[in-house]
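Read the single chain below, which is given as C-alpha cells and is the form predicted alone.
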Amino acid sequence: MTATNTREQIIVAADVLFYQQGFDHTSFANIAEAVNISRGNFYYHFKSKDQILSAVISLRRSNTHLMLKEWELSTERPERRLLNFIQILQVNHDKILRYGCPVGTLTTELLKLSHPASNEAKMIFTLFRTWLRRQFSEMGHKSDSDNLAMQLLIQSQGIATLANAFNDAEFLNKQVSQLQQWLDDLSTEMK
C-alpha cells in the first residue's frame, strides 16, 4: 500500500466514523483499526485528530462540489437540479434514519464543542446555499432566490433531523413529497 493510498484510506475511514460515531467519540485507534494499520503508521500520516478532521471536511466539500457539478451537467433545467437536491434525502434515507445528515451532524457537533473547524464545516452549507440560490435564480426567482435557498436548506435539515430522531421513513418520504409539490408550485408560478 502506497503512502498516498494509506492516507486516503485513513481519510475515508475517518469520514465514515465521524459520521457514524461523531467526531468527539472517534479515536485514533478506531480509525487505525478501520484501516488495519499500526498506530505508528497512522501517526506518520496525521499528527493530530484535528488534521484528520480538516482532511475529512475537505473531502466532504470536494465530494459535495463534485455532486453539484454532476447535477449541473445532467440537465439544463434548474427545476430538475433542485429535484435532485430534494431527492438526496430519499437516496440516502437509510443513512439519514440511522445517523442524520452528515453535514448537519458534523457542523452541529463542532459548534457544540466550540471547535475551530466549525467554520470550515459550515462552508459546506454555504456551498449548498450558493448553488441552490443560483438554481432558483435560473428558475426566474431572482429577487427571492436566497430566501428560497435557505428555506429549502432549512426544510431538508429539519426532515433529516426529525426522520433520524423518530427513525421514521414514512415521515421522510411524506416530507420529500411535500417538498416536490412545493417545487412544482414554484415552477408553475414562473410559466
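Start at 1 with the first residue shown and count on from there. For clarity, every value in this text was computed on a predicted model and none was experimentally measured.
Same protein, other form: the form predicted together with another copy of the chain, not shown, and the subject of what follows.
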TODO: Give a yes or no for residue 125: in the model of the complex, does one of its heavy atoms lie within 4.5 Å of a heavy atom belonging to another copy of the chain?
DONE: yes
TODO: Decide whether residue 157 counts as a contact residue for another copy of the chain in the model of the complex under a heavy atom distance cut-off of 4.5 Å.
DONE: yes
Open item on the list: Residue-level contact is defined here as any heavy atom of the residue lying within 4.5 Å of another copy of the chain in the model of the complex; does residue 44 satisfy this criterion?
Closed with: no
- [ ] Spell out, yes or no, whether the shortest heavy atom distance between residue 134 and another copy of the chain in the model of the complex is within 4.5 Å.
- [x] no
TODO: Using a 4.5 Å heavy atom cut-off, indicate which stretch of 36 to 44, 125 to 133, 63 to 71, 50 to 58 touches another copy of the chain in the model of the complex.
DONE: 125 to 133
Open item on the list: Please tell me whether the candidate spot formed by 112, 147 and 162 is one where all three residues come within 4.5 Å of another copy of the chain in the model of the complex (heavy atoms).
Closed with: yes
Task: Residue (of 173, 9, 180, 20) lying close to another copy of the chain in the model of the complex, criterion heavy atoms within 4.5 Å - done: 20
Task: Contacting member of 92, 108, 84, 75, with respect to another copy of the chain in the model of the complex [4.5 Å, heavy atom] - done: 108
Open item on the list: Pick out the residues of 78 to 94 whose heavy atoms come within 4.5 Å of another copy of the chain in the model of the complex.
Closed with: none
